[in-house]
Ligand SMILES: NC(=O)c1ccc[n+]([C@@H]2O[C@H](COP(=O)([O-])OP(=O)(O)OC[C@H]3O[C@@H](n4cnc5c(N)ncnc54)[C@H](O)[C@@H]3O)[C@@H](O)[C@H]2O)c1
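To begin, one chain is listed below as structure tokens, in the form predicted alone.
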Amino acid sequence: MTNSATGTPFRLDGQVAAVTGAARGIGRRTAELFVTMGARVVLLDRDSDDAQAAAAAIGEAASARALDVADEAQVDAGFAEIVAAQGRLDILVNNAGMAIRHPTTELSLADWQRVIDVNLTGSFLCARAAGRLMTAQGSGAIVNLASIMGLSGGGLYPNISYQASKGAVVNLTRALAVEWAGQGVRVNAVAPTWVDTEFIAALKANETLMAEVRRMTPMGRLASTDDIANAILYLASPAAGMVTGHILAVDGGFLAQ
């Protein structure tokens, strides 16, 4: 469906979006892009100060709320507050994530659980909260952040909890898409390659590793936050009105090999 006012199917005029992990990186860039496309956006992040600062920089169409995606009570209360303040919820971007890159034999159960709680359980809790609202209104779009490491075993360094959690996000996406398709809610995921953000700061400090990442990527570079945000916008927008259950790799050809 094309936006009648502008003739473009990528506009989000009148829609309300929530973006988790939105204080910086992919989440912040997505929030910025959504606002330029006409949406009102709520930035959700554990770092309340940075989220508030990001929202202030984006402008009047952005607001911020503190949220720990792994806390069930916070998630349910937070999404109820969004609807109370905004009147509706049309888009959820499940972007919050973390990684603990230890060899499997040295990874503690506590560290394993921290990653699973944020990457997988957090995505489930936010999708469940949003899904209750969206299925009731008969429309909505959820975009999860998976990873090429949810579709690949990696190999450049150990990252088992991240890879396992992102693999689970892939099938979480597919299962929710099937469950909610008949109620007007689309659920898709973006699977990025390495993105040039603070999230991989420790990896970027290793020049040998970065050279290998570029060598293994047919396009020969890291992704930018714009690369990922543009893909998220597509899946969230009316342009993807017949797309659900899809995992969109934004990876410079990495998975095509």
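Start at 1 and count along the sequence shown; that's the residue number. Everything numeric in this text was worked out from a predicted model, so none of it was measured.
Beyond the structure shown, there is the form predicted together with the ligand, which is absent from this document and is the topic of what follows.
Using a 4.5 Å heavy atom cutoff, none of 42, 90 and 134 lies near the ligand in the predicted bound form.
The stretch that touches the ligand in the predicted bound form, counting heavy atoms within 4.5 Å, is 110-118, out of 175-183, 135-143, 110-118, 80-88. This chain is displayed alone, yet in the predicted bound form one of 198, 226, 49, 212 has a heavy atom within 4.5 Å of the ligand; that residue is 198. Remark: residue 23 counts among the residues lining the ligand in the predicted bound form, judged by a heavy atom distance of 4.5 Å or less. For residue 193, a non-hydrogen atom is located within 4.5 Å of the ligand in the predicted bound form, even though that partner is not displayed. In the predicted bound form, at least one heavy atom of residue 96 sits within 4.5 Å of the ligand. Residue 124 falls outside the set of residues with a heavy atom inside 4.5 Å of the ligand in the predicted bound form.
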